[in-house]
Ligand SMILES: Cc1cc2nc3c(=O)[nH]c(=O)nc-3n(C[C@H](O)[C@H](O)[C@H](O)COP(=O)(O)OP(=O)(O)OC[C@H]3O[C@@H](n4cnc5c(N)ncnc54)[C@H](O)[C@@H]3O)c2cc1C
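Before any questions on how it binds or moves, here is one chain, the form predicted on its own, in structure tokens.
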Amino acid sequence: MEESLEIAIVGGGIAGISLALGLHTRNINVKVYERGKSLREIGAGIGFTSNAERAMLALDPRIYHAFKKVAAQNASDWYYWVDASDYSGDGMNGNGLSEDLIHKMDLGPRGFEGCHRAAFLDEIVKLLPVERVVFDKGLVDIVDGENSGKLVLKFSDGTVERADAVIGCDGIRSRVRQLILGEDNPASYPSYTHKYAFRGLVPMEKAKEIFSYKKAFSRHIHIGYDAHAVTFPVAGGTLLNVVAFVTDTNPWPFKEKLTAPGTKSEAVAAFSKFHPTFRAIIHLLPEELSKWAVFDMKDHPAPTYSRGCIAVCGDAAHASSPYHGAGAGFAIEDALVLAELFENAAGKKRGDRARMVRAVLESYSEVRLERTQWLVEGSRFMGEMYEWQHGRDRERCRDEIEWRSRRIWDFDVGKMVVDAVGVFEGKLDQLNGVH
């Protein structure tokens, strides 16, 4: 293509900055428009599985090294699922000394490590030239430029920008998704899953007084009735990240926000029937907590991730509940496909620019739709399984964990890229009348 493609990314979170780096390192002209006054990530800990790490290496190896720089190394290369149910109420579960092991899986050397979200974002944004990110840009609309052949982005401050393609990385409440699917379309909005999470960080020195060293420094899922929790080390092993999920039969009371005030006493009550070892961890949480509502796109999945020269990526496309720990990793996979396809398109000399961009984004959507929506559905199911809402069946739980985890972790990201390029080339042949 004679002139450089210009790609606009809406949203400067982990998905947006990772995509920008992948495009920038491939010499694609890219700019990120962030509505906030600075880049920030909500939440505490985040983890990446082996598929995501392979995608990072292919997207831009510097992303992988930035993650490893801030990741807390697990004490063990195993991932543990334990039965924290204390159904007798007397503190006795199995041998009474620890939560019973349901399943464990080998993560490989330094696999599925965690870090603080903000720390990871801080590291990767350093890799992007400062002029590639613009702040205070709340997107209002995207329209076709009358004669320029470009899209026009309209922002809340009255300014406009132009680009050949717009990629929405603007999260679960994506404005770009609304513009693609329509404001009246239920698929433009996430749904409450009737679960929320208490999130907190516990000083590791205190956590080690309750958990063994190996348990405190390894990734665990604690399974129980109508609640479950994930624990893993972050901040270089100085903190234990605790994400404690609770089933909620009520509707979420807020329309505009996904968090609500909470207290440690509420968390203690929610986990009152859990094993005393885990209850002791809950008692280490701060007195003032927030409840983080779990929304996802399962009830009304998007039929496509693109329209014309506009697309969505990561949570903006397929926001998932967090029970597989794979949502951010799937955003990295999305970014890899988009970066590789745009690089492929940038080298083409045939066809007009808008048709080329549409072919890129249609190919991306077709290749990513099935796997990402499987994750959304499967993660919702596993959240129920981890709270014995399909029956307290340890064998079934073990089987579901095994095959679903393998489908995520063992994914061939290289083949994904090859498949995407093949779909793109087929679309170009159709555009150019090649049969």
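Because the structure is a prediction, the values reported are computed rather than measured. Residue numbers run from 1 along the displayed sequence.
The form predicted together with the named molecule is left out here; the points below concern that form.
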| item | value |
| --- | --- |
| Touches the named molecule in the predicted bound form: Phe48 (any heavy atom, 4.5 Å) | yes |
| Val243, heavy atom within 4.5 angstroms of the named molecule in the predicted bound form | yes |
| Close approach of Pro190 to the named molecule in the predicted bound form, 4.5 Å, heavy atom | no |
| Cys169: touches the named molecule in the predicted bound form, heavy atom cutoff 4.5 angstroms | yes |
| One residue of Lys31, Arg404, Arg35, Arg62 in contact with the named molecule, assessed in the predicted bound form (non-hydrogen atom, 4.5 angstroms) | Arg35 |
| Selected contact from His275, His222, His116, Lys137, since only one has a non-hydrogen atom within 4.5 angstroms of the named molecule in the predicted bound form | Lys137 |
| Contact segment among 266-274, 298-306, 326-334, 283-291, judged by heavy atoms lying within 4.5 Å of the named molecule in the predicted bound form | 326-334 |
| Residues in 13-30 close to the named molecule in the predicted bound form, defined by a heavy atom within 4.5 Å, in order | Gly13, Ile14, Ala15, Gly16 |
